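In structure tokens, the next block holds one chain alone, the form predicted alone.
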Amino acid sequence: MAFNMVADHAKWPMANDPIFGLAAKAKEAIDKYGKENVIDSTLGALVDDEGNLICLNTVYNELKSMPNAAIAAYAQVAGQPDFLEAVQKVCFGKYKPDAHIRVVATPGGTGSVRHGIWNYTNPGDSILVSDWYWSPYVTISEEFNRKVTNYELFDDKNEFNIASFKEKFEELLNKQKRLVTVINTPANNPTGYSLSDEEWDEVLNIAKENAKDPENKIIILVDCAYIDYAGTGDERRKFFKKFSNLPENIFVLVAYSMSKGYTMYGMRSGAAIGISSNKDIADEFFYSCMHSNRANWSNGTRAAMEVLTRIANDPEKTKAYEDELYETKTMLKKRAEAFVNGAKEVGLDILPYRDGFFVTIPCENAKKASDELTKENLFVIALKKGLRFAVCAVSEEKCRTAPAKIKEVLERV
């Protein structure tokens, strides 16, 4: 009989992260066969055509120009005040909601998701996410004795399934009287889908209708980690304005990340942004999340906060940063278009793609398909209902040829 030391609530399967495990296998294949003969679409990080991680010069030149003390010093528990102001500017752009807004710094968007689930649900509650989702939503929920309920993201026309969303939303809300629903948009991971402004209207109409019952507490957690790689200009930020003047019992929490837009993946910086028509509710959010910061990671990465603040508050630096970001955004868009067009040419079924780092291929027995593709030196992540291909990590040329290889394997598994 095995001898256990951890408490019952901390016992989890002894398994390594499958994404990083497959990424390690892809690296082995590159070392053995040469990078020109391998397609590695495992990790959600931007790399150049040579397979090197893209690190924006405007960001890292700023970091390296800072005095050591500015890099090494502790940040305030809630985050540096100038960062808390600047992050609103870069997140909302010109579409800042007319509302009471408070901000707390977090380690990436993950910290914001953690705060939303822990601070706005009760033990045993279910949170609502789509059936195509980022797996740590479940990991975080399980850690806190919460559950996850899924609605179907797409209907039979491959459009946003508002009927399924409404059904599950009201079912959980009627049972729990409070509900956190996580909406990962724009540029959903793993599908690359972004809710349109009209679809946001439908979501908010459902929330407003259910908010007529004052007993209901509705929390919409918007995970916008990939927003800086969505759309061509600022059009994918327009939906933020829709969070103006909402009923008091609808609270919006935006999970903002510096990982993608600032290519600061490992420096772990972001923000939880609370939006409410009621000042007391916004203040309550701030102090609740600040307490959670202190209880979990004490404070955030001051150097990353300083970088964002310096760039955001200097028009010349902002322009240089936006120009460099646009170059990588254009590269990503060309890669995605190459994959989508390649899929059309060979008849490979993919989920609707609008923006972002990933394209998803629905299929049965995804694990077997991924294993077979690995034998062809094509590495893709197996999900419950399909395969995730990271266009962010693959050259335009390989994005164009990969669909044919995937189609060929899927036809024989």
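Being a predicted model, the structure only gives us computed values, none of them experimental. Numbering starts at 1 and runs along the sequence shown.
Another form exists, predicted together with a small molecule; not displayed. Remarks below refer to it.
Chemist: Report whether the minimum heavy atom distance between Ala225 and the small molecule in the predicted bound form is within 4.5 Å.
Modeler: Judged by the heavy-atom cut-off of 4.5 Å, Ala225 is in contact with the small molecule in the predicted bound form.
Chemist: Although the small molecule is absent from this view, report whether Tyr137 comes within 4.5 Å of it in the predicted bound form, heavy atoms only.
Modeler: Answer yes; at least one heavy atom of Tyr137 falls within 4.5 Å of the small molecule in the predicted bound form.
Chemist: I'd like to check something about Gly108: if you look in the predicted bound form, is any of its heavy atoms closer than or equal to 4.5 Å to a heavy atom of the small molecule?
Modeler: Judged by the heavy-atom cut-off of 4.5 Å, Gly108 is in contact with the small molecule in the predicted bound form.
Chemist: Give a yes or no for Arg335: in the predicted bound form, does one of its heavy atoms lie within 4.5 Å of a heavy atom belonging to the small molecule?
Modeler: Judged by the heavy-atom cut-off of 4.5 Å, Arg335 is well away from the small molecule in the predicted bound form.
Chemist: Just to be sure I understand the contacts: of Gln88, Thr181, Asn189, Ser141, which is the one whose heavy atoms reach within 4.5 angstroms of the small molecule in the predicted bound form?
Modeler: Looking at the other structure, the residue within range turns out to be Asn189.
Chemist: Please identify the residue among Thr301, Ser259, Gln80, Ser276 with any heavy atom within 4.5 Å of the small molecule in the predicted bound form.
Modeler: Comparing distances to the small molecule in the predicted bound form, the residue within 4.5 Å is Ser259.
Chemist: For the interface check, one of 260-268, 116-124, 244-252, 231-239 should have non-hydrogen atoms within 4.5 Å of the small molecule in the predicted bound form; which one?
Modeler: In the other structure, the partner sits against 260-268.
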